[in-house]
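Shown below, as structure tokens, is a lone chain in the form predicted alone; questions about how it binds or moves come after it.
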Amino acid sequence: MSDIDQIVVETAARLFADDVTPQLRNAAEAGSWPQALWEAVADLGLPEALVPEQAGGYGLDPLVALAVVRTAARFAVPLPLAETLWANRLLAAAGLSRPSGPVTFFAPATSAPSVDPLQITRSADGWRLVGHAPRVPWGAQADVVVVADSADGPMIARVPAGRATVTAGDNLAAEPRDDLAFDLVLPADSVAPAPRLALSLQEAGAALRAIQMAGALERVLELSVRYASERVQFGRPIGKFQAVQQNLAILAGQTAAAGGAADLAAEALAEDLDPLPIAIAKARTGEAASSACAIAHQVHGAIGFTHEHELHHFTRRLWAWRDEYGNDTHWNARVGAAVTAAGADGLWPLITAA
């Protein structure tokens, strides 16, 4: 990472450190949209970071932009920054206009397809979009990018905020996950043939969650080590006890493994969305999240379960993100299928390529 790239990540980290307070996180969980924080993020140009310069964006190195996503997760930033970065990249690839506000995207689950899938047809006024999109991140607050089937093939569409019928929901971390029902007509300039990137939305979502889990795990490790050095029991910090040290070592190992897996996911997002490294990354970071959250709460004891302590902002996100865009079982099955398909002669090349 160049000096300029490092400055971008450090500037974002300073913004998050200063502005993302426990009070702001709690207000966001109660349903308040952090407009001032969004404006500060937009002023840094982060929502347009993955959009090429020739398309009017900032053309940041994708690995740097995704490092910012990881940093945002380390501060539990209550914004759809990851979703906006990727949705704006999709809109730019499709030649569609991008809003100034937040954008999100809907990725249908291949393992459990919607009973009312999205369909789009030509109409006299443009395109008619009909169907249901469950559990869309920040679906009520953001413009939504969807891919719908049509007689002409898959189409990408941008639906302005407020145009869908919303059934509000959230995940375990109280991040909005809204069910959206569509039955509306969109103007022709809001719809275009889906670019190749838009056909792998579940893989993109899984990669983004793997990157975010790596960032949150880094913060969980930091909090646990600090608490173990400060909490005194039997006349000395609990971090001096061998059992606690052993658990912290396991937590550090899981965090490091998740970080390496997230690097695989970031490289896949930056290049060609190869599903195998994304599958490996999502499965490995999910496994790390399960182990790390248990250890962190053991180390913190009762205080880690209180609302006043900040640990829960990260462990609840880890538990929620672990299951989004496919859980560990789903992605381990994808890895197993790839290994089986490679066969005995192809196994070693497959491992070394991943």
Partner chain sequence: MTETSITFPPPPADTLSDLRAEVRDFLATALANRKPRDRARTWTGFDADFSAQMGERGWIGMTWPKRYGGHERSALERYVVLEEMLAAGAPVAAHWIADRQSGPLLLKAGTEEQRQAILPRIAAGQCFFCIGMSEPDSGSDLAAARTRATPVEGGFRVNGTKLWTTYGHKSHYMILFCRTGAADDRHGGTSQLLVDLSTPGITIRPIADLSGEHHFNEVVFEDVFLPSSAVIGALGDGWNQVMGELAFERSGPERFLSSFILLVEAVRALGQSPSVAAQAAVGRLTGQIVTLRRLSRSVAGLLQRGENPALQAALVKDQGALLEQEIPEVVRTILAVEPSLRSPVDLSNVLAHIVLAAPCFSLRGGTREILRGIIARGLGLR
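Positions refer to the first chain, counted from 1. Bear in mind the structure is a predicted one, so any value in this text is a computation, not a measurement.
Form predicted together with the partner chain: not shown, discussed below.
- Taking the partner from elsewhere, Gln298 is found to have every heavy atom lying beyond 4.5 Å of the partner chain in the predicted bound form.
- A residue is said to contact a partner when one of its heavy atoms sits within 4.5 Å of a partner heavy atom; Ile250 meets this definition for the partner chain in the predicted bound form.
- Using a 4.5 angstroms limit between non-hydrogen atoms, Thr352 touches the partner chain in the predicted bound form.
- Put simply, Ala261 is close to the partner chain in the predicted bound form: some heavy atom of it is within 4.5 Å.
- Shown without its partner, this chain lists Ala228, Ala92, Val147, Ala164 as candidates; in the predicted bound form, only Ala228 has a non-hydrogen atom within 4.5 angstroms of the partner chain.
- Proximity to the partner chain in the predicted bound form, defined as a heavy atom within 4.5 Å, singles out one entry of Ala174, Ala157, Leu221, Leu118, which is Leu221.
- With the partner chain left out of view, the stretch that reaches within 4.5 Å of it through heavy atoms in the predicted bound form is, among 205-213, 79-87, 232-240, 133-141, 232-240.
- Heavy atoms closer than or equal to 4.5 Å to the partner chain in the predicted bound form belong, across 277-316, to the residues Ile280, Arg284, Glu287, ordered by sequence position.
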